[in-house]
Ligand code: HEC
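What follows is one chain in structure tokens, specifically the form predicted alone.
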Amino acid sequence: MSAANKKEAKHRNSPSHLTIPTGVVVFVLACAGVAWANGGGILNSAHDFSSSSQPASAWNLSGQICYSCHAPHDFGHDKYESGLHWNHTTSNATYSTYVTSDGLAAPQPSGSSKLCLGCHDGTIAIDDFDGSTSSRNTYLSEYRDEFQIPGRLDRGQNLGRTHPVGVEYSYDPSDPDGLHSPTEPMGFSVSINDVLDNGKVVCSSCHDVHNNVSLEAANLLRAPMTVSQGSASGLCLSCHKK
């Protein structure tokens, strides 16, 4: 190879002359914009009730992280019927649900949302788990009032002021103003499909209850909602086109 050819080959292979595929550039830029992720896990998250510095030390007598929700062995409490080796009493409340502009009411919550509401609707004591190790008299309104489902006179049982749960994710590829394809990403989850429960929107579609991929200091949200968190209405726009 001549000296001129060697010089040309060296120039083509230099970092400043490499051609990067467009998809790689988009991926790198996307990663640069997702520095808001926390994903530190359940330890020290909003659902970690093990710390002696938390008010939970008064009612989480076991001092464990997982035990107030899950039990590795069910000692006759039959909470397994709720799924996930569930160790906490679930709510039997009947809720007022979201009503569309067409007058259609969302269904009663089902699936994993029922497990969340066992604490967050305020009708069941948050220390009502395991059947024997708790005093069963600490309610969310007393512990962290801001985390109880919002409402007015029927606070806790009024889901009409929250995003509807238990509804089908009704993707229509022909609707330019509708929902994104369920195969598209949702925050740091692989896809929207991954945060649905049998194709339905549930509480954990927006909130990462185990803090694996959620935002720091944002109520366990999977994507930002404010500019200070990283993107205005980013959570909404993850699913909704507008």
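Residues carry their position along the shown sequence, with the first being 1. This one's a predicted model, so the numbers in the text were calculated from it and none came from an experiment.
Not pictured, yet referred to below: the form predicted in complex with the named molecule.
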**Prompt:** Is there a heavy atom of residue 112 no more than 4.5 Å from a heavy atom of the named molecule in the model of the complex?
**Reply:** yes
**Prompt:** Is there a heavy atom of residue 101 lying 4.5 Å or less from a heavy atom of the named molecule in the model of the complex?
**Reply:** yes
**Prompt:** Is residue 240 close enough to the named molecule in the model of the complex to count, meaning some heavy atom within 4.5 Å?
**Reply:** yes
**Proximity of residue 164 to the named molecule in the model of the complex, heavy atoms at 4.5 Å** = yes
**Prompt:** Going through 197-214 from first to last, which residues have a non-hydrogen atom within 4.5 Å of the named molecule in the model of the complex?
**Reply:** 201, 202, 203, 204, 205, 206, 207, 209, 210
